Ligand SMILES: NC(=O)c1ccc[n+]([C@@H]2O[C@H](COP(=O)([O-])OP(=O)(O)OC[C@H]3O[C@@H](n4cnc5c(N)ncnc54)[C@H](O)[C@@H]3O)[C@@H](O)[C@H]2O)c1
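Shown below, as structure tokens, is a lone chain in the form predicted on its own; questions about how it binds or moves come after it.
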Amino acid sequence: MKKLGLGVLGLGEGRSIISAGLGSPRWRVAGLCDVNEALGRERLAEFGLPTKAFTTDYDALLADPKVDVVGIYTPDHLHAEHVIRALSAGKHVICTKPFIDCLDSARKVLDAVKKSGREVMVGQSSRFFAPFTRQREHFEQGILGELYCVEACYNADHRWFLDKPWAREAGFKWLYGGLSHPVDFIRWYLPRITEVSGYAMRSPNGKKHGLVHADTFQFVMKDADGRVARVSGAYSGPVVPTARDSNMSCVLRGTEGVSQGDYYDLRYAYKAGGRSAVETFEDQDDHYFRFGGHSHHAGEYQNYIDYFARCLGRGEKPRPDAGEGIVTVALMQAMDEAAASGQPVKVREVLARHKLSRLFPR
């Protein structure tokens, strides 16, 4: 199979997908782009790429015939524009989460996808992390029985992230940036969430560091069949040591069993079919966490770009696609509104306001 040419836009978070592309037999890194020229030179040196591989001009990256797929890792509020421009240039797209930062641009994005005939995948990386892929296998095999409850959390001390100037602007929200990981877990298993209630607050540390929006969250949800879910997260303070808490977890509760995937300690535990077991994936630590401690998880990126390549090769639609990504944004907007009003908010009503009702899963 011919290698796919990868163009990377945004070289901060994009550092992980560069590593993924270089480590995969299915890809070649064809070009890098960032408005920060110094960061571009740093990435060229780090990964041994030629000077000509970098540009500060997005249009130049899009015009490069060697680029088949654009990986978009820019600040959240720029995603829609960058996705549309890549599709208009005839490129396939991988876009980091959240897919877009609000629903105002959703229809334009969907129109661009349809017109281009190209594939789009939202880079929900946690789906491609070993404990959670194993958990998904058990779910699909049916060993947990009928699923009736999902619980997901993601807590992290991300005060360092606020050193990025745009992270302290009104356009940045941890609800979309951080909480989108556990929210995606919920939608992976309960895609038809209909209503959400909950609370959010800006922590003392968040206020101290100039954060505009909330950084601490607790939400409950229900789906069209009456099943329930819980999502929580906190991002501007110390976290419990990993010996006691993985910081990111997904729990599935079914009629015949229960399972829990844990992120940082690469652990999966389940109880079903008359047995209990704990599986660890510690031998894969070097694959997932290649640099920066556990702050860059390039192994997940390699797993999902290889999945994307397989989908393109087979003519299959990758998941989550643009439509699924937009419904997840609608759920997060409903969460945002519920926290502001103190009242439950229906996801269908949020979609309807933006003339997106057809996207709600049947």
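The first residue of the shown sequence is 1; numbering continues from there. Worth saying up front: this structure is predicted, and the values here are computed from it rather than measured.
Beyond what is shown, the protein has a form predicted together with the ligand; the following relates to that form.
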- request: Using a 4.5 Å heavy atom cut-off, state whether residue 75 contacts the ligand in the model of the complex.
  value: yes
- request: Could you confirm whether residue 338 comes within 4.5 Å of the ligand in the model of the complex, counting heavy atoms only?
  value: no
- request: State yes or no: in the model of the complex, is some non-hydrogen atom of residue 166 no more than 4.5 angstroms from a non-hydrogen atom of the ligand?
  value: yes
query: Should residue 136 be classed as touching the ligand in the model of the complex when contacts are defined as heavy atoms within 4.5 Å?
result: no
In the model of the complex, segment of 266-274, 205-213, 91-99, 280-288 with a heavy atom within 4.5 Å of the ligand: 91-99
- prompt: Taking 127, 230 and 345 together, does each of them reach the ligand in the model of the complex with some heavy atom inside 4.5 Å?
  reply: no
